[in-house]
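Single chain ahead, written as structure tokens, the form predicted alone.
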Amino acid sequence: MCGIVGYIGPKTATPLLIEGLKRLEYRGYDSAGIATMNGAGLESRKAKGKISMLEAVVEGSPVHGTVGIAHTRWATHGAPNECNAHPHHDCTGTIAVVHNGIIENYGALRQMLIQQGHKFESETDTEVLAHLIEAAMDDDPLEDAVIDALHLVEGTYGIAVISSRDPDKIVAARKGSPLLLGLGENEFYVASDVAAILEHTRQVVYLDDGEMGVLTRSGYEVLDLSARRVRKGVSRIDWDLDQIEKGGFDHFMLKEIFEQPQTIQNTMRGRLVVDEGFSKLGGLNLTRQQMLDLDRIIITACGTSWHSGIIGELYIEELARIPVEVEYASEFRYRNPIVTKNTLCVVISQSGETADTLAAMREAKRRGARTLGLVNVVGSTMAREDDGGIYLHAGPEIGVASTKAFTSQVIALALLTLKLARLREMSVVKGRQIAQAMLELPDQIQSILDRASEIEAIAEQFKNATNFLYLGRGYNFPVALEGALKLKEISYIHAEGYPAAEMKHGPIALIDENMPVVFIAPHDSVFDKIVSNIQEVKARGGKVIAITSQKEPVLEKLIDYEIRIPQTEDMLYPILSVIPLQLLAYYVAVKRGLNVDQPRNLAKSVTVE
């Protein structure tokens, strides 16, 4: 959630650190800060609000030096204000710490340190770390003091530490919160996300839990928390900086919506065998017999990924005839699920760092299940720890409200379903039919995007609405959930998604002439049923926005606004029907004057519980 960047080398650190923080803005934050070594000691500057506020502070009171760390904070312990912003310091002002994660036993540690005479300035759990390092340091190297401090800590952390008592060094450590080292030309970086340093290096070392990176001017080493050296491979980042630029679009979210013809094609590329109605998924690491022996699949995820998981459940149960359960990762990890050696646990996360989903995957593995990750970020923790996986290849997603990752997740689930179903009962004819329809999706999505102005006009009519209902049936019920989530996330309008028939069991009481109701109603196997639900809304004066796939005389007098999508296989309609809902949410939010890419209180990657 929060962002970390650090630098040691021959250049002035401050502009590099500020630039790195800007690359991390999409992760969500409410304050920012920087600390550098100026040759005589340690200096820091902080500001509540956007990075531009920190820039103004630094411009008025510069900080100098060629070693430094910086941070964007998303508040957990303590209000979002300057005092609680990172970096945090010890009593002597010689140690600075930035931290992502939560120190669960900070209360007990804080009380212990106060009894020892330490004085605290903030309400945060992070400040405890600075004082623990101070208490452990003496004349030892900084990394030894950090190790001693971390042995007392319970919880999660990704930290970077500098000290004027060991000035030419950055120490970084990780447990449950992503962190990587960047290797440049005679310079080194630490960051919580590769986006922060991609302009300067493509060579990175990913830290695993329980590992520490020690960066000096002459090199780096990775240690475990017993100070033993760990051999680590160097990874190369293969995507370009322009992929995290807006590319002429007003917002990252709009850019990513318009990238979907290409991104779902990237997810399918080399995997879809149309002539055989089959999919090739080499990364599953499952034998044919293991796939045939599967007696249960658990899909676990959070938020938008959970919605794609529900679509995956419908795919697999209908076509592959394997029982599937979809679990919120945050709930799965704290209950006692039934898992056997023939259970496959599919975990879905755009970032591959979602704390609850990662913990759910580890719990499933502990219980003996094989795990399969649907992940977009190469090198992420989940991608490194799962037993097998399907990379989405959607490219970096910067907008906090997920769009292209969702459609790529659904495509990946369709590919997985095709493989499992063809191994079982599905005929080659049916397989070819689905595969051919999948190939047509990019052009079909583009045809919807080409008419985005029609959806913008509808958004103008409803920009001042206070409530929305989204209704769908079958494969499109999860799309209703996703459409409502998108509107809530970025426009702050209350919205709910329901199976259309459930409207009569409560939500129908909300419907009046001021209630816009979005129906996902393509001409599929449940079309006639959803027409009846539209009639019920219209009879009560609701404003009906319908997503349809062909001209239907029965709808002409029932709907107020129509958004037409192309026809496809029933199972693939969610990939088309979600596009107008993404655009509707985007245009409503823009017309309300809101920050679409950085909605309030939200973060791109939720790396704390």
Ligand code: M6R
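Just so you know, these numbers come straight off a predicted model, no measurement behind them. One rule holds for the numbers: they count along the sequence shown, beginning at 1.
Below: the form predicted in complex with the named molecule, not depicted.
Colleague: Would K486 sit within 4.5 Å of the named molecule in the predicted bound form, counting heavy atoms only?
Modeller: Judged by the heavy-atom cut-off of 4.5 Å, K486 is in contact with the named molecule in the predicted bound form.
Colleague: Looking in the predicted bound form, any heavy atom of P178 within 4.5 Å of the named molecule?
Modeller: Although the named molecule is absent here, P178 would stay clear of it in the predicted bound form, with no heavy atoms inside 4.5 Å.
Colleague: If you check in the predicted bound form, is T304 within 4.5 Å of the named molecule, heavy atoms only?
Modeller: Taking the distances in the predicted bound form, the answer for T304 is yes, it comes within 4.5 Å of the named molecule.
Colleague: Would you please decide whether Q350 lies within 4.5 angstroms of the named molecule in the predicted bound form, comparing each non-hydrogen atom pair?
Modeller: Answer yes; at least one heavy atom of Q350 falls within 4.5 Å of the named molecule in the predicted bound form.
Colleague: Within 4.5 Å, heavy atoms only, which of A401, A480, M361, A414 is in contact with the named molecule in the predicted bound form?
Modeller: Looking at A401, A480, M361, A414 one by one, just A401 meets the 4.5 Å heavy-atom criterion.
Colleague: Among T267, S192, Q260, T354, which has at least one heavy atom within 4.5 Å of the named molecule in the predicted bound form?
Modeller: Of the candidates T267, S192, Q260, T354, T354 is the one lying within 4.5 Å of the named molecule in the predicted bound form.
Colleague: Heavy atoms, 4.5 Å, the named molecule in the predicted bound form: which of 244 to 252, 461 to 469, 296 to 304, 383 to 391 makes the cut? Say which one.
Modeller: One stretch meets the cut-off, namely 296 to 304.
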